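What follows is one chain in structure tokens, specifically the form predicted alone.
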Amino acid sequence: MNDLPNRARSISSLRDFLELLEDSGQAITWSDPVMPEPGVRNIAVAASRDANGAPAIVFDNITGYPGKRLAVGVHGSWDNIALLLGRPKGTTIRELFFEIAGRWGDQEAQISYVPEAQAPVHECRLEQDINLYDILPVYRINEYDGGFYIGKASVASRDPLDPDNFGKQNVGIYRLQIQGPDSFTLMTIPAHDMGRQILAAEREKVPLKIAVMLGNHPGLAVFAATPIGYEESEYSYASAMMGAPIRLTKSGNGIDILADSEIVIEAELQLGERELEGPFGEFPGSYSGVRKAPIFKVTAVSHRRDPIFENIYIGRGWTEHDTLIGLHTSAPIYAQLRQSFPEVTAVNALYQHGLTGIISVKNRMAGFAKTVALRALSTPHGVMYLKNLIMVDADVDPFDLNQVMWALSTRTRADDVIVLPNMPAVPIDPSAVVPGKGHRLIIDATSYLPPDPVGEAHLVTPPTGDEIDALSKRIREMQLGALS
């Protein structure tokens, strides 16, 4: 693993990261008066237009919420992701992908525990007269949302049938709609770890307690949205990826939580009860429908002094949601594929949570890329999300859409397209005829190998390698120098 700069290694909380971002020109404070709607939404959308360099924005003068602070866009640009990984601003998406892939499973987790009385998240605590509308500066993330949503919570829960198993302690990002002063719905599906735990709790009629963490360590926020195995710990992955300890403590209801989170909401599933939830502007860029969702009753709230409520803008891309989860959707698919097929050279699943993916592969034989594509559909993420797959050769950079379009234009024949109907699909895909069921599309844009008819074309092979990379860098430096 590459050694991280000391500054990056010192990150233990959202506040640490915001300080690093501010010192690097990647965070601003919006002190002008701003309306929750549409002001916060409009500013978040305007910032997200710059996917490479958008700053995090901290609002400290929100009309109707005196004294409250709100952060958006913390993971809203590739420069912010680079700084989180200890890399310089301007690091390319491809370089960030291989940085993450190179660290995947590279180090042991470093987990430390802080006594509850010493944990910053427990500096203030409410156990009676809880009113989420007073505690949080909430607003509708999109104009026609069905209510106030918490869009960037890391929700920690224990397997109700194996509560002492640390690996089965799930941390995931789920959308939460506030339903009253001390209740909220949580939207999930059976394929998600939380969905699995809710089904088990209701089937066996056992309690399911959760801890909703807000304003979290930026490394955990990434892994809470990463498709890893059910018995794999998001805390452990975040620590290993950052190469630094993760500080945990216990919530009041007995769940491992981040000691330095800004806010934690403790709640319990109301077995068998459902409330109408939605609509909600989701990551495909469309509103989900209205459905009945499990409801949770809030039992207590802990928070730091002067807490920062962190939320996210999510909707039609490009948004912070895409930057937050894009590379960490790509990396586990890459790692899982390479266990069986080391010929896989890169995976780009940046688009709409991997509804479209691009995989580069060294063709072993004719039709080999199609075999790899079918394996990708059986990965934990692929089962529900990988809808459209484009397979390209190893000499095509899947993160460079110009190269991908060239491959599609020159290396695809009609019989290179496969459509698999009636497959499981994420219910919020707007193209689905029936929610939860859809197609799989595989386009093999790799080169031909015998016994395929190869044809007569001889492809141009432009120069590549370290020399060309160095020349490109020098040209860019000369260009910037001429402007200064």
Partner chain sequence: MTTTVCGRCKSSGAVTDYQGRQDGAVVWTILRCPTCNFSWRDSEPARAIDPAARSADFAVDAGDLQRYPKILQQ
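Here the structure is a predicted model, which is why all the values come from computation and not from measurement. Superpose the two forms; the largest set of C-alphas matching within 1.5 Å is the rigid core. Numbering follows the first chain given and starts at 1.
Keep in mind that the form predicted together with the partner chain is missing from the display, and what follows is about it.
Within 4.5 Å of some heavy atom of the partner chain in the model of the complex lies at least one heavy atom of P294. At a distance threshold of 4.5 angstroms between non-hydrogen atoms, D164 is out of contact with the partner chain in the model of the complex. Although the partner is absent from this view, A366 stays clear of the partner chain in the model of the complex, with no non-hydrogen atom inside 4.5 angstroms. A residue is said to contact a partner when one of its heavy atoms sits within 4.5 Å of a partner heavy atom; G146 meets this definition for the partner chain in the model of the complex. Just one of G151, P307, G243, G278 comes within 4.5 Å of the partner chain in the model of the complex, counting any heavy atom, and that one is G278.
Proximity to the partner chain in the model of the complex, defined as a heavy atom within 4.5 Å, singles out one entry of P435, P424, P38, G53, which is P38. Proximity to the partner chain in the model of the complex, taken as heavy atoms within 4.5 Å, picks out 64-72 from the listed stretches 43-51, 23-31, 64-72, 416-424.
Heavy atoms closer than or equal to 4.5 Å to the partner chain in the model of the complex belong, across 112-143, to the residues N131, Y133, D134, V138, Y139, R140, E143, ordered by sequence position. After superposing the rigid core, the C-alpha of L161 moves by 2 Å or more between this form and the one not shown.
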